[in-house]
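Next up: a single chain in structure tokens, the form predicted on its own.
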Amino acid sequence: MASPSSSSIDQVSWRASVLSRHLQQSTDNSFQSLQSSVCLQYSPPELSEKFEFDVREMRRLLDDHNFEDRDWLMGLMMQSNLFSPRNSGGKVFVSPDYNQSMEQQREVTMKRIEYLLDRGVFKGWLTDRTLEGEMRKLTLMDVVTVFDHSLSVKIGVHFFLWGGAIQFFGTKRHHDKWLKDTEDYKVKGCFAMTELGHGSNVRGIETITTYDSNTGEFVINTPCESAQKYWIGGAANHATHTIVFSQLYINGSNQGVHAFIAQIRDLDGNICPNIRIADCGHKIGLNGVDNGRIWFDNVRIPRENLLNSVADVSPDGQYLSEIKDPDQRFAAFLAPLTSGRVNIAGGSICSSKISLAIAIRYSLTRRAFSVSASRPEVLLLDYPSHQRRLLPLLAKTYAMVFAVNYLTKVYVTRTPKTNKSLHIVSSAFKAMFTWHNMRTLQECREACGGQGLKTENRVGNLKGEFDVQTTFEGDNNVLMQQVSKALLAEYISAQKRKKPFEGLGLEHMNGPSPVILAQLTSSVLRSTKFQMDIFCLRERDLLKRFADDVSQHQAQGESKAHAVLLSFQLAEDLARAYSERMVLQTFFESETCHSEGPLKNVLGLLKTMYVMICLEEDASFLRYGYLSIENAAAVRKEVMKLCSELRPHALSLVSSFGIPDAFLSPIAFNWVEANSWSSVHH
């Protein structure tokens, strides 16, 4: 056998030496070293963080309206055991109990609605059409969303979709019969538009309704499996009635999509004859909403159940409508979805606020690693990398709050003249804000480390709860294509008329094209003129490029519709440019309302951060030459400067959201005590 090499012997000797020294160390000394180590202690960030502007004033700016109503409803929810209060770390928190089964979540959601109904929360939601009534309703919906998305969706389907359809599509006979009973929950409504085979393409739905002039009834049928109504919120357990969207055939001629009222359960909860209902089952979120599937088998309803503000059918079966253009008739039937998009845009920002408040508060008390052996560990938010993760998202959220406030005002003051603009802006904001929310939730979940995985800390669960927002009431990608197509139509129309742009916020295109300086200094990057110029330049150039690209495809023999599809990349870039410029414009308008002072200074930092992060994240600025490589590098440096300048205001900014402690989570406060042995229930 060969003898071991000298290097192997040396290695064995070295290991033996290390082991010997280790065994000879004093046990007492090691114990004393451990005893001298100081355990981590929680220290409220309010003790060390400065508040350099008036948080109450900032909250009033963000909330914008109905301040007392917000606090009143939050107080109502904190008072009742129905809202799952629990003590953790010396504080009481309220949030849904996601450990409950799907069936339990659904039932407690309905009980919470009954609790709110008994206390007058829904008073006037369908019968008070004043500006004040509309603003109160939207405000209270936001507050409900802060507690639970399932609850807000369940309420939203009943009031904004079912109730909104009766308001918008119905006439006096429908208003008198249904609105008050809906407001009082004597009937429980749902909204059957989506089918297994058709979601975003509403025009293609396959449910069929015919008219029987002998009996004066409409007959609704589900002709095939792909026509079954799908994802209908409220249908699986609780809804008594539904709005049915269906192709209307009169004397064998298809008159397009129309809306009908059909009863699907009696008042005892029994499913009506010729109606079949199945459960959609467990979901990744929103399990407090009873989504169901509906089949109609020769279901007969009175002629009066056609919602007839757009079109009607006479007793002898004649189709009547003042709107002769089928395209215009169809567009009129999509009106309720606008209210849904307004709610979704606002709700997504509520979710972003919650996650940022939790993650930033945690980062102001949680430490990790030390720069040197003699120094304490560093607060997470004092790391430039952690600032870069959270503070740009905070600035974007602030910008979007102002945009939601603008959208809300446009919605409640809408007129037939502004409906087109409202549709485009609500579509753009719904898509952009829900995408932003999902990104924010993911970043905040990661920024909370392992604690972000616990359901009691909310952020992780909110991902599943809010994910669907990118899909329902309009797939985000489809909505953004609608935005671009509307802008293209406006561009072509203005070119043909040879008149200035008017509407959709495109008036900035009536002036000369902005010129961007070759070298961008910090002062230029922070100037209002540059910020608006660079956003307007991108938007107007992309609109022209989109129009030219579509025109080139048409010149090659493509239809206009197919040419638009082939130009989808430019369409996506344009929709983003339009959305971000509209958000910036609302930020400018909110900022200019305030006189000079600490609050306005912080708003200026947030606005500039919003602009810089948009410049950095959108490749269009480099792709099309709006920014040089050198200027793009300057923007990147500016983002880090802004992070360090916003860092001292982080606590003040999330405190300004006005979210009561009870609606946040244990890691936003004394997370050491919340996880202590004394908190364990034996």
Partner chain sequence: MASGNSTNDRGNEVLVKENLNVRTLILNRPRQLNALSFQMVSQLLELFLAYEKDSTVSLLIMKGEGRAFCAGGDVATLVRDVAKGHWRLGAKFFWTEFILNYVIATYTKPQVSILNGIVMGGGAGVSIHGRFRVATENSVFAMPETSLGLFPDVGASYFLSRLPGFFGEYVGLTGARLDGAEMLACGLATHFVPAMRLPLLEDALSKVNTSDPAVVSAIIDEFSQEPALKDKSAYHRLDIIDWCFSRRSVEEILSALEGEAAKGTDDWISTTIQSLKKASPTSLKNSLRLFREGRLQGVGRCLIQEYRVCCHVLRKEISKDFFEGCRAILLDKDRNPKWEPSQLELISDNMVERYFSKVDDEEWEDLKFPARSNLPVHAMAKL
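Bear in mind that the values here come from a model prediction, so they are computed numbers and not experimental data. Residue numbers count along the first chain shown, from 1.
This protein has a second form, the form predicted together with the partner chain, left out of what is shown; the following refers to that one.
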{"item": "4.5 Å heavy atom contact, His158 and the partner chain in the predicted complex", "value": "no"}
{"item": "Close approach of Tyr115 to the partner chain in the predicted complex, 4.5 Å, heavy atom", "value": "yes"}
{"item": "Asp54 within 4.5 Å of the partner chain in the predicted complex, heavy atoms", "value": "yes"}
{"item": "Residue contact check: Tyr249 to the partner chain in the predicted complex, 4.5 Å heavy atom", "value": "no"}
{"item": "The unique member of Cys280, Ile492, Leu76, Met102 whose heavy atoms fall within 4.5 Å of the partner chain in the predicted complex", "value": "Leu76"}
{"item": "Contacting member of Lys641, Arg59, His65, Arg636, with respect to the partner chain in the predicted complex [4.5 Å, heavy atom]", "value": "Arg59"}
{"item": "Among 238-246, 264-272, 382-390, 117-125, the region lying within 4.5 Å of the partner chain in the predicted complex by heavy atom distance", "value": "117-125"}
{"item": "Sequence-ordered residues of 639-659 touching the partner chain in the predicted complex, heavy atom within 4.5 Å", "value": "Ser655, Gly658"}
